[in-house]
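Next up: a single chain in structure tokens, the form predicted alone.
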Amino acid sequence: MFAEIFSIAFQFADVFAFLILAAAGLAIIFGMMGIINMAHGEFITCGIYVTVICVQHGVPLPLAQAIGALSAGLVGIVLERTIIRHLYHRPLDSILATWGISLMVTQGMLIVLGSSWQGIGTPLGSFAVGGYTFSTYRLVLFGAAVGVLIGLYLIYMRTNYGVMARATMQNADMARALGVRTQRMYAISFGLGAALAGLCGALYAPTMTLIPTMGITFIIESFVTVVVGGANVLLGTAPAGILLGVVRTILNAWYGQIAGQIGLLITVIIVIRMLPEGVSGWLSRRGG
């Protein structure tokens, strides 16, 4: 009995980690800047490839993952400075521009790197509970997801940057009038969102088959989690991850992976119909 309960809890933790790590960066970029980033999967792919290349050149995995996240963040800052900063308050244009970037990056990687790349093995081995065997690294991913949520809370609620970033998010004109360098806030926020996407890729690099189009694997879960959570990354992302994690875990266990994917989309439709501002909007109204 304990083994079955642990198996269900483990599956939930695995799904929750995937949703949170995949969506955190997108939630920051959308919540802070109103940019619908269709190139989110390419930032994740950047983290994956940089991590794998570093490991293949002898860099320890944790350091390689840090380099992967940092690389994606730096690319994000450059992209914000050159393209994204001209697209604020233009949601349709931002969709088209980032979608174009996604296509160019994917096709460029196919040309330069080929259709596949040698991966790295999943570390830490496995452990058994009852008659079931579980990957130890999946628990690390769950811990990383919880750590990301705690880190975002501390950054946005306990630092000067967080105060200025939230002020910029709520009223950029007023924040600018009070001396906040809003353009810098936007650049840092976009870079942070890209770095979190890169971190997601870096963490999942040992579990992935490397192909240039792998970013699409994360896109659906990223967007449904952000839509369900709403614009407030601090209030919405974790509850959305829990809700969608429960739905997908149950459907995966009973009906399989395809039913889990369908269940996520149906849940999004229901939430949008009942809570147009997402979970964070509902929580804000309850708190107010």
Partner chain sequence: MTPMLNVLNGPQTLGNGRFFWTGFVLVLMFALGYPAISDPYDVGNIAYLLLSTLTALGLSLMWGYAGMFSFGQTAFFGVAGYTYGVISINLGASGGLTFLCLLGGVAVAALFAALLGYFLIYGRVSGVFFGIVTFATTLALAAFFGQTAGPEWAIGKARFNGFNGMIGMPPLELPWLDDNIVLEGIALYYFVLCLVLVVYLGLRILVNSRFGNVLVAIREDPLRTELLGYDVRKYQLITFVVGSALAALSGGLYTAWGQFIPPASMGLPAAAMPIIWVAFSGRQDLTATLVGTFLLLLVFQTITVYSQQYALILMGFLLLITVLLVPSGFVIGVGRLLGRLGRGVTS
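Fair warning: this is a prediction, and the values are worked out from it, not measured in the lab. Residue numbers count along the first chain shown, from 1.
One more form of this protein, predicted together with the partner chain, exists but is not displayed; see below.
- For the chain shown alone, residue 261 is a contact residue for the partner chain in the predicted bound form, at least one non-hydrogen atom being within 4.5 angstroms.
- Using a 4.5 angstroms limit between non-hydrogen atoms, residue 131 is distant from the partner chain in the predicted bound form.
- Among heavy atoms of residue 154, none comes within 4.5 Å of the partner chain in the predicted bound form.
- The closest heavy atom approach of residue 100 to the partner chain in the predicted bound form falls within 4.5 Å.
- Interface residue among 74, 210, 167, 216 relative to the partner chain in the predicted bound form, by the heavy atom within 4.5 Å criterion: 216.
- Comment: the partner chain is not present in this chain, but in the predicted bound form one of 55, 235, 38, 67 has a heavy atom within 4.5 Å of it, namely 38.
- The three marked residues, 92, 110 and 265, each reach the partner chain in the predicted bound form, with a heavy atom inside 4.5 Å.
- Only one listed stretch (28-36, 43-51, 235-243, 59-67) carries heavy atoms within 4.5 Å of the partner chain in the predicted bound form, and that stretch is 28-36.
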